[in-house]
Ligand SMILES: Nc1ncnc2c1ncn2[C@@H]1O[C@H](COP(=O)(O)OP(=O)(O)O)[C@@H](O)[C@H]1O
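Just one chain follows, in the form predicted on its own, and it is written as structure tokens.
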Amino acid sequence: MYKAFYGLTENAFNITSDPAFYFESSRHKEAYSHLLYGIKGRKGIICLTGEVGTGKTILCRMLLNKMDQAVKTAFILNPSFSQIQLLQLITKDLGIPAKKNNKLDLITSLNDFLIDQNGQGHNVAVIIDEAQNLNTHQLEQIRLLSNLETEKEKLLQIILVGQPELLEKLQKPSLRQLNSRIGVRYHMQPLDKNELHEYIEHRLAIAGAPKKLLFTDGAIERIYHFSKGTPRIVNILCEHALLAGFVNETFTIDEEIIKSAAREALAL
């Protein structure tokens, strides 16, 4: 309803991880550099964590989009499967044909693929999102996959992406071998306060918003107060604020509109 009123070509504040709306905050830039370093440096296991809604998934999608063709990638969005199903997902996403579906065949096919890619000067990276949902057996399987290597370098780079619960899980004594093999770690933080206005303007511009659609300084202060800079909560608040602005037929989103949006969206 409000898209036509504001002249938007699409919803500016969807909570889906759309790379078209990617905003490179200082935190995202640091995280991206860590991931790229881990992959190019063949560090084996890389761990990216952050609270819900801090932008981990959209960062991973951007990484995949920007990755050069010499790096073959797989992206596992939902790892809540058995060990063999996880292996099936990885091999399928990498385009590896498996003659059988048993564990030995899958690992053999993956190893052959990795050796072939390494011989061509290529690298292979597997991103596993929502990794906090992996159980101990699955995480141990990942440790074993990280053993696929030559005498000089790792053949497979595995990026574990998850919420802080993943860090707690990795501290378990049963996973100490896996934890000790993590070559790169980065914990995502929310947006800095001084980046929030730029973030909102960035998303509005991509959605085709006119210049007269404004979030006041007071509105920005309230958004930061309620969201603490977490992009997903910022998006939810702004989405409700635009709807309220449409109802009130205004192009100026002020502090009172944000307060109202917070009451509706966040039950505050």
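Residue numbers run from 1 along the displayed sequence. Keep in mind the model is a prediction, meaning the values are calculated, not measured.
Only in words, not in the display: the form predicted together with this ligand, which the text now covers.
The shortest heavy atom separation between residue 227 and this ligand in the predicted complex exceeds 4.5 Å.
When this ligand is considered in the predicted complex, residue 9 lies well away from it, no heavy atom lying within 4.5 Å. In the predicted complex, this ligand lies within 4.5 Å of some heavy atom of residue 199.
A residue is said to contact a partner when one of its heavy atoms sits within 4.5 Å of a partner heavy atom; residue 209 fails this definition for this ligand in the predicted complex, lying far away.
Of the stretches 232-240, 34-42, 214-222, 66-74, only 232-240 has residues with a heavy atom within 4.5 Å of this ligand in the predicted complex. Proximity to this ligand in the predicted complex, taken as a non-hydrogen atom within 4.5 angstroms, holds for one residue of 248, 14, 252, 260, which is 14.
Contact annotation for 47-83: residues with any non-hydrogen atom within 4.5 angstroms of this ligand in the predicted complex are 51, 52, 53, 54, 55, 56, 57, 58, listed in sequence order.
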